[in-house]
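One chain comes next, on its own, written out as structure tokens in the form predicted on its own.
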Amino acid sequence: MTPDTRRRTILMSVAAVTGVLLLPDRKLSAQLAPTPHLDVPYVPTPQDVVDRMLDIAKVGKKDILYDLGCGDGRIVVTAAKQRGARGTGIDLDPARIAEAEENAKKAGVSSQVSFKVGDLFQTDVSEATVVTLYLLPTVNAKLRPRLWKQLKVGTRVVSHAFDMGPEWPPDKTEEVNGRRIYYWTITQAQKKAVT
């Protein structure tokens, strides 16, 4: 039994006996929390792809970036640290959110960013000027009408690896080291399509 496993076992035993869960830190708390059902497995976006996604969307200090399925927060943290943007990351997995918050702290951008455990399909993204994604095609297709409805005309959407289906062809497609990036801009036509 590893030390971490032993520690978790002891804490869970104390909780079972006393009804009180003693958690020494938030990171361990996230590790002990029940793992939610994830629609998309966690696979980090390589940093060169992150950088190009932000380039394509022309992210700058006036932007508010939302990363849906943010994982370890690298897109939000990079946008804040390198480009001065504000950002919010949303993920179902509390362990990923704890990791993202720690990464923001290490990068010195905690005041510019926030991370929330949440469901992408329940999250209000209407204040975003840029939305980034690394989800699966089925999730993108399900999310598409919500983006059209909530985002303002001119909002930029960038996806790593997967498009939005034939109903919304990308404005631009690029490749970085064999990885595809898709880019869209919300138009009035999309807004009308969901009203």
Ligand SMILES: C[S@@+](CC[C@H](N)C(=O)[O-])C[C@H]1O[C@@H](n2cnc3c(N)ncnc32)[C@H](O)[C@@H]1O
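Because the structure is a prediction, the values reported are computed rather than measured. One-based numbering along the sequence shown.
From this point on, the text means the form predicted together with the named molecule, which you will not see here.
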Against the named molecule in the model of the complex, would R86 count as a contact residue? Criterion: heavy atoms within 4.5 Å. no
4.5 Å heavy atom contact, N140 and the named molecule in the model of the complex: no
For I90, is any heavy atom within 4.5 Å of the named molecule in the model of the complex, or not? yes
Although the partner isn't part of this model, could you tell me whether C70 comes within 4.5 Å of the named molecule in the model of the complex, counting any heavy atom of the residue? yes
Which residue, L120, A107, V125, A98, is the contact with the named molecule in the model of the complex, using a 4.5 Å heavy atom cutoff? L120
Counting any non-hydrogen atom inside 4.5 Å, which residue from V131, M164, L54, V40 sits next to the named molecule in the model of the complex? V40
Counting any heavy atom within 4.5 Å as contact, can you tell me which stretch out of 164 to 172, 55 to 63, 42 to 50, 148 to 156 lines the named molecule in the model of the complex? 42 to 50
